[in-house]
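Presented as structure tokens, the chain that follows is alone, the form predicted on its own.
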């Protein structure tokens, strides 16, 4: 069966040609999927009943389902989305007080091969890449469930987006064109996959590149992130500078603060020196606990000291507002399974 969700307007138009239907039918179907977030062909009530029956012989809107849904005390919603092969990923809808924005944090892979020590996702290993349709389905699942329109996308869920770049880019194009979400409202986060960063630089996308840095030197970073042993921080800095030179765009540096490990004043000063010649903003993320390790969250005082020292480098520094920690939906807590 053909799955309509995740298809672009052009792809739906091609399908209409095969069915000897008008191109107007394609626009109607496209509108039902992306503007009205229906889950069934039967819901497309401005299509004739005979045409709906014909379409149902070869296609469905979706073959994905929400297996579990959790709502945080702060309004964050975490979904466990299940695909036909039984694999699941988690996707998160974040809402912020006094803001109209609704941000979907989407996954790009089932599991993750990068296996950062502070993150729950990689503990189960890598299973497979998601297709572009499966990435898109996460946002559609949110919109169907809430009847709200997602306005921002962050590729910060499970998996390493730049190790599934072709599918991520196709999904990004559909988010931009078919969902009409501006490219500057889409962020792609990476642990530092240099070939992918170089490809994004050559493409000169308007979306934001976020780098999970988390340490200012090889020794500390390799303890947290095994990917450091493949793509060193020295090579990564060079790639980031080239990215900025080619695109002119500011990078977001993500930095998880772990008590007694990478949150000291000396480390802050080293980080400030490392990034002083990179056009970037810094987003500090107080560590969110996971059962797989013994890391501790820093005190608010230590976070503010770290922030103050970094601001002396002239960079804009923000502290990420914790969302969904009570339902394991915060940064680093996604597992892709029902908690045991």
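Residue numbers count along the first chain shown, from 1. The shown structure was predicted, so the numbers you read here are calculated from the model rather than taken from an experiment.
Below: the form predicted together with S-adenosyl-L-homocysteine (SAH), not depicted.
Worksheet item: 168 to 176, 254 to 262, 198 to 206, 141 to 149: which one contacts S-adenosyl-L-homocysteine (SAH) in the predicted complex at 4.5 Å, heavy atom to heavy atom?
Response: Answer to the contact question: 254 to 262.
Item to complete: Scan 76, 91, 191, 132 and let me know which has any heavy atom within 4.5 Å of S-adenosyl-L-homocysteine (SAH) in the predicted complex.
Response: Comparing distances to S-adenosyl-L-homocysteine (SAH) in the predicted complex, the residue within 4.5 Å is 191.
Worksheet item: With S-adenosyl-L-homocysteine (SAH) left out of view, which of 39, 70, 288, 28 would have a heavy atom within 4.5 Å of it in the predicted complex?
Response: Contact with S-adenosyl-L-homocysteine (SAH) in the predicted complex is made by 288 alone.
Item to complete: Evaluate residue 160 for contact with S-adenosyl-L-homocysteine (SAH) in the predicted complex, applying a 4.5 angstroms cut-off between non-hydrogen atoms, and reply yes or no.
Response: Contact check for residue 160: yes, within 4.5 Å of S-adenosyl-L-homocysteine (SAH) in the predicted complex.
Worksheet item: Is residue 243 close to S-adenosyl-L-homocysteine (SAH) in the predicted complex, meaning a heavy atom pair under 4.5 Å apart or at it?
Response: The answer is no: residue 243 has no heavy atom within 4.5 Å of S-adenosyl-L-homocysteine (SAH).
Practice prompt. Determine whether any heavy atom of residue 156 comes within 4.5 Å of a heavy atom of S-adenosyl-L-homocysteine (SAH) in the predicted complex, and answer yes or no.
Written response: Contact check for residue 156: yes, within 4.5 Å of S-adenosyl-L-homocysteine (SAH) in the predicted complex.
Worksheet entry | Interface membership of residue 119, S-adenosyl-L-homocysteine (SAH) in the predicted complex, 4.5 Å heavy atom rule | Residue-level check for residue 119: yes, a contact with S-adenosyl-L-homocysteine (SAH).
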